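Take a look at the structure tokens below, where one protein chain is shown in two forms, each on its own, as structure 1 and structure 2.
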Structure 1
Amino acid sequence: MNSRLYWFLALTLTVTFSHAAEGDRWYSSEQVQSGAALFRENCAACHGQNAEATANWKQRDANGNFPPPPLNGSAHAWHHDLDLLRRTVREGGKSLGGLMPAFEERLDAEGIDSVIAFFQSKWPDDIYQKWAGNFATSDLPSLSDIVVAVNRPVTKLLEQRIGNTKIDDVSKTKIDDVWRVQIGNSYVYLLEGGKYALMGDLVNLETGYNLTEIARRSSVVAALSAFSDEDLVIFEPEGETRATLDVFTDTSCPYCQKLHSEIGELQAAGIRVRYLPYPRGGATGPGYQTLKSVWCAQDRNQAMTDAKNSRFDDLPAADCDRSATVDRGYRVGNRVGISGTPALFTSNGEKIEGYRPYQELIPFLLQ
């Protein structure tokens, strides 16, 4: 498994464990919470608000049926393992001659686990421990274990094909058995358990939304908003901010210089420009050292302007804490798929390739 995918999986697990387990129980408090609402809606009428009904649950009624038993640990729900509890809720009691309705049409697997979590949260510890002891619940996989287990075979063939390329994210789409895999700025859809890969944008024809572009933009927004204002060189607008523009820039690129010469017009129009460093050619590229000098300067805005006007003689030699941002900008720029500078992004993650004159840019950003 390539190491990036490993970390993705490891991280998924860590995140889940950190909010899992109330005491030593298999469910999370979130599951209990969402289960409470589902229980009230679907179960409480028969089993009671707190899963306490019916006190005389061992007594058949006039028709020879058992009343709904308490699920709060006082009856014998705890004699059933988790799978049987799930099946009872899913299929109801009809097949066994009982009265409990089936819920498979109304609750999905997650919902069923939540209602079970809710009524198990009413179980006293000693009952829960007995149940857990009987069925060794600690070995039950968590939901995220299952997701990971399902993901692995889905991406296996793809990983073999792409060799060392890093897979950034794998997620299920709303379409049956179709998975979306993110590799940098590209998306691939896997079909039939990962046997087939489809490359292209997924569009919902009912709504007209390009779902791939939505995913791409939201990943760009996440990557860019991870830079704090303190990390960047920001040219504030005159007056109120009407739009924000993120610009990957290299001081040595002529079109970056041209864009910068129009920064006054952008500021006057209410546009806030956030500069991110992107040394074309990486650490050996022409702008690398200068960008570091700019990022380390006392007055970064002035240094940016000086550098863009090829007056970088006075910039102090650069190595300060902030100069690491230059390397980070380069990495993130590559990740969001830029191929040159300037690369512009609107606040909703839409990419504008290359230089645009301010007369075009301003109406586009304000629309």
Structure 2
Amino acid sequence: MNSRLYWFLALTLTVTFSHAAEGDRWYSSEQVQSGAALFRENCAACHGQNAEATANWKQRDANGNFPPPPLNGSAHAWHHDLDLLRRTVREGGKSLGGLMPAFEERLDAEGIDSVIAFFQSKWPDDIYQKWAGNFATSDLPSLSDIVVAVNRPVTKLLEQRIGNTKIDDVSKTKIDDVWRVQIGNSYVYLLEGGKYALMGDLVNLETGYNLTEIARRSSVVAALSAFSDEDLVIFEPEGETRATLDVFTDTSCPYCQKLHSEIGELQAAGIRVRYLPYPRGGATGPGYQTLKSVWCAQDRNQAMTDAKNSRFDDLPAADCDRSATVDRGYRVGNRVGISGTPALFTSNGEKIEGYRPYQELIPFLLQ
């Protein structure tokens, strides 16, 4: 965060998230019916008549891109909260690394909600309940409240204070005349048309929902979803996948090495581990070139294990196209607020600080 922001008041609250009641879905049967027609008119050509996509959606096409994924609960759409789903339909999928066009000129807020209701109606109950448990849907802002403004007059005074620091997003909250501004992985709330600012977490004391944490996790999920499985080093679980863990790692980090020595325990518990590269010192860090060599290896899993056990003789040169993923991982890691490795994230974007022994990590991920 830019040093000019230190004058803001910091607020830190820890709140327990509530889970949606079993069987309770946010949409009506009328929305599903309306959404079916809108989906088939606007979305079915890419995502399939019943949101099932194509059989080969996990395979890259001739241009190196992945086809549109299914939206029926069998892919990753249920990893996104309602706010992000609405934004993606409205603004397109470019922010998630996809090619989906924006539909803001063809679908209004009500139509977008109906489209989402239709494809969520295809989700099995267990998938919907996982989604509803991860995200507090009842307190999310409606699409019509989301600000997409070029001039952003409400941030005028804030921009004067923070200089060249980039503002990533501006959204109107459900509270009268309170706006949420995202700057990197931090949030500022503007009051009275942008005259006053507070930094910290906004909490609904009636429901117990930490609205800032919901927004923060949504941003993390969006950033990590931009990486395909082909971009990463993935250790698959033994048997059914019960949880997914995203890990920003550096081969030169002692605690990353310790976590990797326990990866067999995670796999045996049904946990899928996705490694993202994060050289702690950037291009001058001790693990930078080694991470690039790992990503250039034909067998990246073996190369990762070798590198974390200080076996470097069989690692290839760090000069392939895939080595660019290391720089990309470093940039994304900085954007989601990583300050050290290993940095662990659950599938709903919750950050786990530092190394956790598998005896603690497994119950936490499977709770």
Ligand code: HEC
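Model, not experiment: these values are computed from the prediction. Reference numbering: structure 1, starting with residue 1. C-alpha atoms forming the largest set that superposes within 1.5 Å between two forms make up the rigid core.
Structure 2, rather than structure 1, originates from the form predicted alone. Annotation: Cα of residue 327 displaced by less than 2 Å between structure 1 and structure 2, core superposition.
Taking the rigid core as fixed, one finds a CA shift for residue 50 of 2 Å or more between structure 1 and structure 2. Put the two forms on the same core and the Cα of residue 275 is off by less than 2 Å between structure 1 and structure 2. Fit the two forms on the rigid core and the C-alpha of residue 61 turns out 66.3 Å off between structure 1 and structure 2.
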